[in-house]
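Okay, here we've got a single chain as structure tokens, the form predicted alone, with questions on binding and movement later.
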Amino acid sequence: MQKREFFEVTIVFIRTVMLYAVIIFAIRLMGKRQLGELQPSELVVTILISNIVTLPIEDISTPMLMGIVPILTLVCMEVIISAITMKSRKLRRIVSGSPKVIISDGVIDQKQLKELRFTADDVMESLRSQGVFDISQVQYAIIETTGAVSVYEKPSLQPLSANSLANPPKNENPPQVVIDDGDVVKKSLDVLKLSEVWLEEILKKEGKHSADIFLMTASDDKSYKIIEKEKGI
């Protein structure tokens, strides 16, 4: 190997190691998610980083900063947007979308599937990945913002427990989030056929304000669960 070739190989090696360290740092900043759990914005950043990082490695005439600066810029933008979306539910829906219910009360929402461009085969494949092979066993299914499908089987078909023996389960949908970090989720109230007046009465009864609640869920039978915000967070 000639000296020039050896020099170029050494430069590529050093650049690769440096960029590897930068990417590890960048991914740590973005948070701990598996590839299949990435939000749309995170997936875009990941794809862009993978393309940018090849430029200074393949072409040693390209300054290292031409690779490092765009990577850190993208990651900083993602961190800033993530921080903002944590405070704004509306912006979070714009950036990441919102979960879509495709099966409720055991009934498939064909209109929703059409809007999502999901075929019957796609639904069955998603159910099989959850260990469900008979769609009649599904009480509730939802497509998350990551594209993953979450499935809730009919309670009457779930494994028996001491509680279910004492109180035979009914085929009801799982609880809905009605307050998310202080914000009232009107869509969930509509799904449960509950009004904001009902919610206000519950909050008054509990002596709380929606701004003080981190998470509140409610069920079809009007039972609810409240988790208050921790002070200083």
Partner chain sequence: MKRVKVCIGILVTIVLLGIGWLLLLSHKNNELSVLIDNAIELAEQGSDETGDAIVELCEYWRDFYAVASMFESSKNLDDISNSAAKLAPLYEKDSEEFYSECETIRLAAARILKSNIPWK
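The shown structure was predicted, so the numbers you read here are calculated from the model rather than taken from an experiment. Residue numbers count along the first chain shown, from 1.
Same protein, other form: the form predicted in complex with the partner chain, not shown, and the subject of what follows.
Check your understanding: Of the options M77, I94, V107, A120, which one has a non-hydrogen atom that comes within 4.5 Å of the partner chain in the predicted complex?
Key -> Contact with the partner chain in the predicted complex is made by M77 alone.
Check your understanding: Quick one: is P63 in contact with the partner chain in the predicted complex, heavy atoms, 4.5 Å cut-off?
Key -> Looking in the predicted complex, residue contacts with the partner chain include P63, since a heavy atom lies within 4.5 Å.
**Study point:** Contact flag, F25 vs the partner chain in the predicted complex, heavy atom cut 4.5 Å
**Key:** Yes, F25 lies within 4.5 Å of the partner chain in the predicted complex.
Exercise for review: Give a yes or no for L29: in the predicted complex, does one of its heavy atoms lie within 4.5 Å of a heavy atom belonging to the partner chain?
Suggested key: L29: yes, in contact with the partner chain in the predicted complex.
Practice item. Verify the contact flag for D59: yes if a non-hydrogen atom of it lies within 4.5 Å of a non-hydrogen atom of the partner chain in the predicted complex, no if not. Key: The answer is yes: D59 has a heavy atom within 4.5 Å of the partner chain.
Check your understanding: Based on heavy atom distances of at most 4.5 Å to the partner chain in the predicted complex, which listed stretch, 94-102, 137-145, 110-118, 79-87, is the contact stretch?
Key -> Selected stretch: 79-87.
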